[in-house]
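Given next are two forms of a protein chain, the same chain in both, each as C-alpha cells and marked structure 1 or structure 2.
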Structure 1
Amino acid sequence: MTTDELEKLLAQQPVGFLHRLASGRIHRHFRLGKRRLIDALLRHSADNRAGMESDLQTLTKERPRYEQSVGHRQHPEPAAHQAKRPGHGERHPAKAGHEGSAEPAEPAPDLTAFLEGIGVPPPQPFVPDAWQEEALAHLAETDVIVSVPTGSGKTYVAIEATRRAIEAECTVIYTSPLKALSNTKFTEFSRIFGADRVGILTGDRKDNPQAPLLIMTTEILRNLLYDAAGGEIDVRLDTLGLVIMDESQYIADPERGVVWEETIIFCPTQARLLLLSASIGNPQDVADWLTSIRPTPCYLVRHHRRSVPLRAGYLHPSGKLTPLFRSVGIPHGSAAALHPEAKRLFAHYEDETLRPRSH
C-alpha cells in the first residue's frame, strides 16, 4: 500500500475510527481534528507501516458492527423516516452538504430524529420504579433521603409512605418550603386521602389539626418542635411516625437553611425522616450526617435517570429549531459537543447582537 493509498483510505474512515486507531500511537490524539490526525498517523506509521496496516484491517472488519450499534442508538433508519414523513425529506441534501464541509464525522442528528417520539404514551398501568419500592421498603426501618431529578416521582414515594404510616395509626407531618406549595399539596392530598384526614397548619390558622396527615411549612414544624422541647406540647409528637420534608435542598438556602437543620436536629427519634430533594451534588454527605445524629443509619436513594427522557433544542429568533447537542439526548457528564447547526446559528446571533449598532 502506498502512502497515497493509505491516506485516501484513512480519509474515508470516520473520525471516531481514526481516534481508535491513533490511541496508543499518538500522544494526545484526541486534541487533533481529522486532517491533522491523518497526518499524524502517516508520520507515525513511517517506520512501522506493516503494523499500522494490519491494525487498520482488523478495525475495518470490526467497523460494520460498530457502525450498526451507533446507528441504532442515535438515528434509527433515516430512510424509514423519509418514507414516513416525506415533508421533511427535502431538508436532508442541504443539511448533508453543510455538514460535509464542516466535519464529515458521525452525522449529527437532524430535526426529524430530534422530534421523533413526541406524543402521549399508550396508557399503562402505573408500576412503581425499583427505586421507589426500595425507598419505601427502607423507610419501614430507617430514615431515607431521596435525591433524584425533578419530575421522576418523588411525590409517589411521599404518598405511599404517608398511606402506610396512616394505616399504622401514626401521625404524618409533611413540610414544604413555601406556603404556596403547602396549599397545592393540601389540595392534592385532600383529594387522595379524603379531606377529613388532611390538616394544614399556618402561622395563624389551624385547619383540621387532629388529622393524621398535617401539612405545614418547615418553619411551623420547627416552632412546634421548640414548643415541645420547652414543655408546651401542641401536637401529638409522641404518635409522630413520619416527617416528610419536601424540597430539602433548601437546607442550603442562605436565609432559611438553618430552619431545616434545626428541624432535623430536634425531630423526635421515633419518627422516620423522609427527605425529598432535587438532584444535589453531595447527598451522601447529608446521609452521613443523618446517620451520625439519628438512631438508625440513613438510607440514600440517588440516581440521575429521568423517567421521561429529556432532549435539548435550540430555537433561533428566526424561528428555526435545531437540536442543541450532537446527540439526540442530553450527553450527561461529558464535555458538551454542540450540534453544528446550533453552534453556527448561535455564533450568528452573537455576531448580530454584539456588533455595535452602526446607525
Structure 2
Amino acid sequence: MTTDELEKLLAQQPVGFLHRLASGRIHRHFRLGKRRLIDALLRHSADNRAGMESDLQTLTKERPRYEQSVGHRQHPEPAAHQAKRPGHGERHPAKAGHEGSAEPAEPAPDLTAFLEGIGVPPPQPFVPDAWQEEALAHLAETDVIVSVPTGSGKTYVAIEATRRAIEAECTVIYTSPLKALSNTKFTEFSRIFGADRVGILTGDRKDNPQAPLLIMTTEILRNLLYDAAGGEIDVRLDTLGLVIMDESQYIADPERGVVWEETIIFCPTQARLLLLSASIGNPQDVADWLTSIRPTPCYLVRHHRRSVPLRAGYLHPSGKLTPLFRSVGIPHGSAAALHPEAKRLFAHYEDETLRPRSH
C-alpha cells in the first residue's frame, strides 16, 4: 500500500477509529483533530507500515457494524462526510444502554436545564457529615486516611483536628506538595487560628517557626525528620501530636513519592498521621502499609458520593455550548449516550478538520 493509498484510507475512517489506531503510537493523540491525526499516523507508519495496515484493516472490519448501530445523523451531510465520530461509550454500540443501540426514550436536556442550579448556594448552618465525625473520632486513637471526592470537606477534618491538637498543647505540622499551596494554607489558617499561632517553612520562606501550627512542604518535613534521626533534635518534635499530609496521592509519584514514604517512616510514633486525598487509587493498600510500619492500625475513611455533583458539557471552537450527555449529570459506566447536539458538533468539527489545508 502506497502512502497516498494509506492516507486516503485513513481519511475515510471516523476520527474515533483513528484515535484507537493512534493509541500506543502517538503521544497525546486525543488532542489532535482529524487532519493532524492522519498526518501523525502517516509519519509513524514510516517505521512500521505493515503493523499500521494490519491494525487499520482490523478496524475497518468493525466499521459496517458500527455504522449500522449508530444510524443516520439528525442533520444529514454530503456522503463524503458521513463517517461518524464514536463518542464516549460508543465504540461498541451494541452495548450502549439497556436498550441496545437505540437512543433513550426521554428527551435530551436543553442548555437551560444543563445550567440550572449552577452558582453560589444560599447560606446554611454547617452540619458535619457522618464520615467527617468518623474520621475525627478515630484520629483520637490512631492514624487516619481520608479518601473522598473533591469538595466533600476534607479541609474541615484537617481544621477541626488541628484545633483539638492545639487545645491539647500539641504541635501540628501541615504539609503540602507545592509551595504555592503552602502559602495559601498559611493565609487561610492564619485567618482561622490567628497569625500568632501559625508559621510557615518552605525553603523560600520562614515565618514564626515556633508557632504551634507549622505549614511546610513535604520535603521540608522529611529534612527535619532526617536531622532528628541524625541527632539534631528539634524541640517541636517532642510535642508533635499531629501531622497532616495533604494531596497524599503524591506517594505514588515516580519521582517524589519516596519523600512521602520516608516522611511517614520517620514520623514520630506519638504523632497521629492524617492523610488527605481525593484521587489516591489504592487507599486500602496504603492503610495496610501504614498499619504494618506504625504502632497503631491505620483507619480508612472512604466514600464516593460527591457533595458537589459534576456536569459535562462540550464547548465547540465556534463558542457553541451543549450538554455532553443525554442526562444532566455524568452517567456512570461506559455505555453513556451522547447528547444529539454534541454529536452534531463533533461531526461538524470532524468535517472542518477534513478540509484541505491552504498553502
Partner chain sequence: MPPSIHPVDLITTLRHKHLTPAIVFLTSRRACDEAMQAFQRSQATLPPQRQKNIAAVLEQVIAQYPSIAEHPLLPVVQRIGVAAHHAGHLPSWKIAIEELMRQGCLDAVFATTTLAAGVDFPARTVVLTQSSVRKTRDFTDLTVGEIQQLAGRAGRRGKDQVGFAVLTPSPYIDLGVITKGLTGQPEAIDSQFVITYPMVLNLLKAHPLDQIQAILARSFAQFQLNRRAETLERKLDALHVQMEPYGPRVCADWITQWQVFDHARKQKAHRVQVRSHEPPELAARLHFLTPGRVVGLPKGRGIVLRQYRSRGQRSPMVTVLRANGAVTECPAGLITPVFDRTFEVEEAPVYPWCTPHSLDELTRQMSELPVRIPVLPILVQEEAEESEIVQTLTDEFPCPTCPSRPACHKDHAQALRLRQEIHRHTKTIQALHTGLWHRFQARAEVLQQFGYLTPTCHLTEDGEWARLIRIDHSLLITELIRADAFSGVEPQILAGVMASIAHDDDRPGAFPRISNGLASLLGQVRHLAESLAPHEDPPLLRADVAALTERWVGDPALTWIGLCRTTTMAEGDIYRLLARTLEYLSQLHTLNASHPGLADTASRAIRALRRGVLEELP
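Residue numbering: sequential along structure 1, first residue numbered 1. Under this definition, the rigid core comprises the largest set of C-alpha atoms superposing within 1.5 Å between the forms. Worth saying up front: this structure is predicted, and the values here are computed from it rather than measured.
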- [ ] Name the structure that matches the description of the form predicted together with its partner chain.
- [x] 1
- [ ] Examine L310 after superposing the rigid core and state whether its CA is displaced by 2 Å or more between structures 1 and 2.
- [x] yes
Open item on the list: Once the core is aligned, does S45 move its Cα by at least 2 Å between structures 1 and 2?
Closed with: yes
Task: Post core alignment: L321 C-alpha displaced by 2 Å or more between structures 1 and 2 - done: yes
Task: Per-residue Cα shift, S54, between structures 1 and 2 [Å; core superposed] - done: 52.1
Task: Per-residue CA shift, I280 (Å; core superposed between structures 1 and 2) - done: 2.7
TODO: Enter the rigid core superposed C-alpha shift of R344 between structures 1 and 2, rounded to one decimal in Å.
DONE: 5.2
